[in-house]
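Given as structure tokens, the chain that follows is alone and in the form predicted on its own.
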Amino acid sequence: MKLDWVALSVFIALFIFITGLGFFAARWRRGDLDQLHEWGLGGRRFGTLIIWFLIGGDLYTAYTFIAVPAVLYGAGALGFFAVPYTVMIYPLLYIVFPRLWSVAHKHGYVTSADFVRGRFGNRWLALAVAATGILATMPYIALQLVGMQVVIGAMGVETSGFMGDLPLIIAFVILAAFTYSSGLRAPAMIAVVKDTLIYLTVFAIIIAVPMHLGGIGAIFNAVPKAKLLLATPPDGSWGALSAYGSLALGSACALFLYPHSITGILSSSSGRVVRRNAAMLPAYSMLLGLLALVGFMAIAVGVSAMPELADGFKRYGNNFSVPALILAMFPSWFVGIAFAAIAIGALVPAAIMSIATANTYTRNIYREFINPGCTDAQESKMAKLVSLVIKGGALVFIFFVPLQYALWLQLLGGVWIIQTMPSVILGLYTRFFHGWALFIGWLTGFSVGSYLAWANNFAPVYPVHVFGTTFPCYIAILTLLLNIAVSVVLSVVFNALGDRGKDATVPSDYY
């Protein structure tokens, strides 16, 4: 593809601005960054507006803005499961997570594994929760680079070989520098700019493209009928219906268990801020719904038939559909703004994810098992160093692991992280569960989920046969039910046998 100097210049200018903002963030709401809660949680002082941008920037990533329309473009209506699942998670956020914020605030917990350690008095269960969070997040960080690779390539920059990898290396060196120096304050401040650019881009697309094509009706008329609705299930099977529903439910249950989601919640200044954001964040679901339609718009415009865009589809497949639509419909200066929004949309969640996993490693592995006597300054220093290692690991992941395998592992992320739900979510409401029963339940769900995904060629939906009927179901839901069943049965047995472990919390901590 031909190098677009205008778009590239606008892109670089916005990237330089974001870099400066990231370093300036260290002076914003200044705190002692030698304290882990200051570096990794912004001092727990972020109010409603900042948390709205932070969680939005955390959950709605560059890969989301590339992948959701790409699924609609390639597979059709099944990709819309991403919209209802984001609606389903906000009642969960409103009801459950102010309790987690409250107990974490009173006990100084920085991670969900901290809470599990205090609640059940079992360091090995806390280790399992921490390790699962780190493992599930690593490919998630790596896949933020997919969106950045696509938009850099779409501007005509070569993305193969060392010189092609150089822009990504530079971007992640910048990311590493300002997260090391500023901690969570950097992505929190940058998220405001990122989301403003994303909203500007999406609204420009949904206004300009229908006007060009003659209205929304013309867009749907141009989409093949097979892509407009879920496929009719065959006799004796729920087909795409149960797959759609279980993907939405499983994704909703898993999303706020990731370390980066917990970090956004625990950095709030109060439980009321969490509740307000549960009411306000559905605005992002509206944005996601509009963004999903961009995949259909790309079909209607016929981007795949344009000779000048053929090389992009050859390199990046359906992931190129959104950049292709922007290139086909807008002038170069706006292309630079839109592509910068997508690239910055990669840096913000990647920064939060690396900080969150660094918090988890430092607090629940380093301090718990390696150096229990470390000072607060040593703990914060270790978290900063680990955040650099995690970013480097993400780069290695992208450069040396074929993308198809990275995608496979990302699909496993939800299967893995949902196994922490009994310990974290149910643990907020009841002390019935025994720590070792939860550990065995986690191990069962984690192992069976990994095996089913492997046996299913890493596809996330597994066909379950019950009484002659087939229910294609998201593996995360199947294994979560198994996990809970094992945890309940073993808790009854272990509670009857003896010591349940010390609970460091009291009922008043949760309000």
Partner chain sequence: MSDNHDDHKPVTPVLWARLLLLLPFVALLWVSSYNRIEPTLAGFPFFYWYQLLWIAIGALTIGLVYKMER
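The shown structure was predicted, so the numbers you read here are calculated from the model rather than taken from an experiment. Numbering follows the first chain given and starts at 1.
One more form of this protein should be noted, the form predicted in complex with the partner chain, which is absent from this view; the next part is about it.
Leu228 near the partner chain in the predicted complex, any heavy atom under 4.5 Å?
Although the partner chain is absent here, Leu228 would touch it in the predicted complex, with heavy atoms inside 4.5 Å.
Check whether Ser285 has any heavy atom within 4.5 Å of a heavy atom of the partner chain in the predicted complex, and answer yes or no.
Close contact exists here: in the predicted complex, Ser285 approaches the partner chain to within 4.5 Å, heavy atoms only.
Check whether Ile174 has any heavy atom within 4.5 Å of a heavy atom of the partner chain in the predicted complex, and answer yes or no.
Heavy-atom contact with the partner chain at 4.5 Å: absent for Ile174.
Check Ser269 for me: does it contact the partner chain in the predicted complex (non-hydrogen atoms, 4.5 angstroms)?
Looking in the predicted complex, residue contacts with the partner chain include Ser269, since a heavy atom lies within 4.5 Å.
Given the stretches 481-489, 30-38, 445-453, 43-51, which is the single one in contact with the partner chain in the predicted complex, using a heavy atom cutoff of 4.5 Å?
Careful reading of the contacts points to 43-51.
Three residues, His105, Phe220 and Met280; all within 4.5 Å of the partner chain in the predicted complex via heavy atoms?
Affirmative, all three are within 4.5 Å.
Between Phe439, Tyr361, Trp101, Tyr140, only one gets a heavy atom within 4.5 angstroms of the partner chain in the predicted complex; which residue is that?
Looking at the other structure, the residue within range turns out to be Trp101.
Which listed residue (Pro91, Pro331, Pro372, Gly214) meets the criterion of a heavy atom within 4.5 Å of the partner chain in the predicted complex?
Exactly one residue meets the criterion: Pro91.
In the predicted complex, which residues of 241-255 put a heavy atom within 4.5 Å of the partner chain?
Leu241, Tyr244, Gly245, Leu249, in sequence order.
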